[in-house]
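One chain comes next, on its own, written as C-alpha cells: the form predicted alone.
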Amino acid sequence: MQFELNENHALLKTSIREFLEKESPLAKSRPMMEETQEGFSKELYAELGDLGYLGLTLSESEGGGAAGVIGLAVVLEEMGRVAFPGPFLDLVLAEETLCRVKDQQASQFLQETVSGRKKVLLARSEALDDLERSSLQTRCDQDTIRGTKLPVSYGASADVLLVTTAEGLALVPRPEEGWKATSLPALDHAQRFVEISLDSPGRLLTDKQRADTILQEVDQLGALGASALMLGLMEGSLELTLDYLKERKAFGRTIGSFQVLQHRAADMWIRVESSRSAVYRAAWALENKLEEASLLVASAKAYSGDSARFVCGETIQLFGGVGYTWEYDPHIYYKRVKTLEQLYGSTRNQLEAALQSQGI
C-alpha cells in the first residue's frame, strides 16, 4: 500500500524530527537511560506537554491537537528512530482511557497529563506470565484498592495510576509516602518496570463491563502505537547500518561495496518499507473506524515485531564483533524491539486476534 502523508501530518513529522534530533539524540539520551532513576528526562516531557505532543490524539475541546491515530503513528515512528526513552505511549493510552470515562476527576487529571504537569499510567497486569491479563485479583473495597500490579511500565514515576480491579477501573492517586514499588529486571535498560503493591485510597471510575469496553479500544491504539515505534526503531537501526557500511573498510575498500552485504541491507530495507505499509494502513483504518481495523492492527503489530527483530538483529551482524559491545548503539534498538514485541499484545496473541477477527 502506497501511503502519502497529508500536509498537516508531513509538517508534524518534520517538526517532531527536528525537535528530537536537537533535544534527544542517542548521545544525549543514553546517559539518561543508563544512569538516572527515572530513565527519561522529566523536563523534556514537560516540554512535550507545552508543545502539545502529549495530547495529539485528543480533540481540541479536550485540550488536544486532533492529529488522530495517523498523527500519533507519525510521532511514534520518529521517537522510535532515535530510541526515545520514557512513557510517551503509556501516557497517551492513559489519556485515551480518561477521556472515555467521562468523569469530572478524570477530566481534571486528563488536562494535567496533557499539559505535562502529571503522569497518569495504567496498571493492569498482575503476573509476568500473564501479560494478557486473563484474571484479576486486585479489589476495590470501600474506596480502598488492594492488590499487586506488575509489570507497571515507569510506574514509580506515576502521579496517578488507573488500576484494573475485579469491580472495574479505579483511579489511585500517589500516596504521600510514595508507591510501594519494587524494581524488576529488564532486557532494555531504558525501561523501568516495577511491581506495585496497593493498599491505598482510590475511587472506582466505572464498572467492569464498561471498563472492558474502554480498554479494548485503548488496546487497539496501544498495539498500533507499538507497531509505529518498532517501525521507527527499524529505520534508526537501518540508518546506523548504512552509515557503518559506508565508513568501515576491509581489504582496502569500504565493506558496503561488497555485493553480499548490499543484498542483506536491501532485505532490511524491504522489511522496513513493508512494515511502513502495514502500520499506516492500520492507522488509517483505526482512525476511520473501519470494520477491518482490528485485523489490520493485529497484522501490523505481529509483522512489525518480526521484521524489527530481523532488521535490528542484522544490524548487529553487519557491524561485526563491535555490534555486540556496549559502546556501540545497535543493542539499544534490538533490546527495545524485543521488549515491544511482548508488550501491547505479544506477537502470538496478535496472530490469534487476527484469526479471530476473521472467525477462524
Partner chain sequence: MDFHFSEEQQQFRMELRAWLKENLERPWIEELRDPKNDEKKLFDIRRNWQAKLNESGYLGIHWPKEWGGRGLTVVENAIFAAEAIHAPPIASRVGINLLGPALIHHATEEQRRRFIPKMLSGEEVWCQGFSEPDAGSDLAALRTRAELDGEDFRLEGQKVWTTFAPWSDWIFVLARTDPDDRYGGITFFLVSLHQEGIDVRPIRQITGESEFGEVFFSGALAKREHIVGAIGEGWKIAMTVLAYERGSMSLAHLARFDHYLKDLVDGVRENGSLQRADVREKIARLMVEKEVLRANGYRTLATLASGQAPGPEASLEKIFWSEYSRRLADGALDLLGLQAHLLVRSPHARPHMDWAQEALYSRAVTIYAGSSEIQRNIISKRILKLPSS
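Numbering follows the first chain given and starts at 1. None of these values were measured; they are calculated from a predicted model.
Just so it is clear, the following notes concern the form predicted together with its partner chain, a form of the same protein that is not shown.
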key: Listed residue (111, 262, 213, 105) with a non-hydrogen atom within 4.5 angstroms of its partner chain in the predicted bound form   = 262
ask   = Among 217, 130, 159, 273, which has at least one heavy atom within 4.5 Å of its partner chain in the predicted bound form?
value = 273
task = Report whether the minimum heavy atom distance between residue 117 and its partner chain in the predicted bound form is within 4.5 Å.
result = no
query = Does at least one non-hydrogen atom of residue 246 fall within 4.5 angstroms of its partner chain in the predicted bound form?
reply = yes
query = Taking heavy atoms only, is residue 121 within 4.5 angstroms of its partner chain in the predicted bound form?
reply = no
inquiry  = If we define contact as a non-hydrogen atom of the residue within 4.5 angstroms of the partner, is residue 351 a contact of its partner chain in the predicted bound form?
reply    = yes
Candidate stretches 147 to 155, 274 to 282, 161 to 169, 189 to 197, one within 4.5 Å of its partner chain in the predicted bound form by heavy atom = 274 to 282
inquiry  = Each of 254, 355 and 358 within 4.5 Å of its partner chain in the predicted bound form, by any heavy atom, yes or no?
reply    = yes
